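To begin, one chain is listed below as C-alpha cells, in the form predicted on its own.
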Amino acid sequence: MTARVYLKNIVKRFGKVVAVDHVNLEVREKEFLVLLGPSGCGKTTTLRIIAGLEFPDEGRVYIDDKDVTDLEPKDRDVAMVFQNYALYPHLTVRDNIAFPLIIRRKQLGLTREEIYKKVLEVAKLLRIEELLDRKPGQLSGGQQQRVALARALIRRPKVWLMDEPLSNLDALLRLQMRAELKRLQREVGITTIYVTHDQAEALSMADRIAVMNKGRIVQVGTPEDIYLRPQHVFVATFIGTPPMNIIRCITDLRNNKLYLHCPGIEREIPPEVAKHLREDMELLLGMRPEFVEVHKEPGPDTIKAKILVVEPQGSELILNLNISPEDREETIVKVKTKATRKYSPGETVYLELDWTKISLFDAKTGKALA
C-alpha cells in the first residue's frame, strides 16, 4: 500500500514564531521526497504535522485524498523513523521489530507465529536476521538504524516518514546507508518523506527535493533542477560544495544593447534575456565553481583573476580568486578544477565561464530571472 500526500496551506506557530508558513506540497505515490533546509527552517515540524505528532493552526493534511488533519498518528497509517531510533532497550531486536504488530494483534487478526514470520521476512530484507536475539545495547549505530527501519516497515504503512535517520552514523557508514535506504525504498515501493539538512544526502537519494527556508518552501524539483536551475538565490547558495558563486552586477544600456556589468566581467545580454530586464537594474550573477575553466593564458572571452588561496581536495583543487581589477575592492570567487596542474597564491590566471550554466537573480527579490 502506498499513498499520495498533500499539504494544503499549512501554518504552525509556536508562540510568536511561525515555524511553518503557508506550506503547500504534493508528494506523489511511491516517491522519495526530501525536505531539505538549514536548522530551524520548519522541515521537522512539517514532517511531524504529516505524522500527526503536531497539529496545524491552519491548513489541511490529506493522505490518499482523505483529510487526516484531525486524526491521531495511529489512525493515519504512517510510520516514522526518528533521529535517535527510539528502540526499547529491554526488548530483543525481534520484539522491537514485532512491536507495532503485537500491539495491534487482535485488530489485525494475527497469531504470534504469523507476526514472527513477518519479522523474519523484513529482517532478511534489511540483512539483520542474525541480530534478532540481541538487545539494542549490543548493536552498533548502523545496526540499530536498520532495526528502526525494520520496525517502521513491518506493517507496510502507506507513508514512510524519516527525520534525519543517518545523522548519528559516521561518515563512511552514512555513505553506505544512503544507497541501502534508497534500494530498500525502491524495492518496497513505499511513499517516503525524508528530512535532512545534508545536501549530499538529498541530492543522492531524492526523486524530488523541497528546499525550505524560514518556514516556507522555496523550490521543489528534481536534484538536477535544484542544482542546475535554482529558482532563488537561497537555493543557489545553500546547495553545492562549494556553493554557487554570487557576484553583484548592474545592467548598462549602450547603443540600444543591454550589457551586464560586474567586477571584472563585461558582457552583452542576449536579447531573449534582455527583454525581461531594464537599464540600471541590480542583478546577482551565479556560477557554479565546477563550470569555470582555468587557463594560464588569456583568451578571447576570459576573465583575469589572481589566485589568493589554493585548497587541495585530493584529485581536485579549489582555487580562491579575486576577479576585481587591482584598483577595486576584492570580489572573491571559488573555482573547482582538477589537480593536474600546479597553482600558486599570487599567480594570475584566466577564467572561462560556461555561460549556458550561468544563473541570474533579481538582487531585490532574490528570485531567478526567466
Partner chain sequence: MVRRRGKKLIKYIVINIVVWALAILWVLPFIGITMVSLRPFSEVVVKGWWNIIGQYTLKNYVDAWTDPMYSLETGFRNSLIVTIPSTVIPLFIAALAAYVFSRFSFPLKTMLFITLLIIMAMPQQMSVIPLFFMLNKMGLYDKLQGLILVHSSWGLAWITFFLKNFFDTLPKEIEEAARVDGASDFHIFFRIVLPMSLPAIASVAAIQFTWVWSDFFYALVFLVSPQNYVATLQVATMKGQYHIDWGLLSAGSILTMSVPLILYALLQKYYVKGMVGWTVKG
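Keep in mind the model is a prediction, meaning the values are calculated, not measured. Residue numbers count along the first chain shown, from 1.
There is another form of this protein, the form predicted together with the partner chain, and it is not shown here; the text below is about that form.
> Out of Val78, Leu126, Ile190, Leu283, which one falls within 4.5 Å of the partner chain in the predicted complex, going by heavy atoms?
Among Val78, Leu126, Ile190, Leu283, a heavy atom within 4.5 Å of the partner chain in the predicted complex occurs only for Val78.
> Please identify the residue among Val292, Val220, Met177, Leu87 with any heavy atom within 4.5 Å of the partner chain in the predicted complex.
Of Val292, Val220, Met177, Leu87, the residue with a heavy atom within 4.5 Å of the partner chain in the predicted complex is Leu87.
> Does the partner chain come within 4.5 Å of any heavy atom of Ala51 in the predicted complex?
Within the cut-off, so yes.
> Is there a non-hydrogen atom of Pro100 within 4.5 angstroms of a non-hydrogen atom of the partner chain in the predicted complex?
Flag for Pro100 set to yes.
> Looking at the partner-bound form in the predicted complex, is Arg183 within 4.5 Å of the partner chain by any heavy atom?
Although the partner chain is absent here, Arg183 would stay clear of it in the predicted complex, with no heavy atoms inside 4.5 Å.
> If you check in the predicted complex, is Arg156 within 4.5 Å of the partner chain, heavy atoms only?
Contact check for Arg156: no, nothing within 4.5 Å of the partner chain in the predicted complex.
> Want to guess which of 268-276, 294-302, 78-86, 232-240 is within 4.5 Å of the partner chain in the predicted complex, heavy atoms only?
In short, 78-86.
> Would you mind checking 212-231 for residues with a heavy atom within 4.5 Å of the partner chain in the predicted complex?
Nothing in this stretch is in contact.
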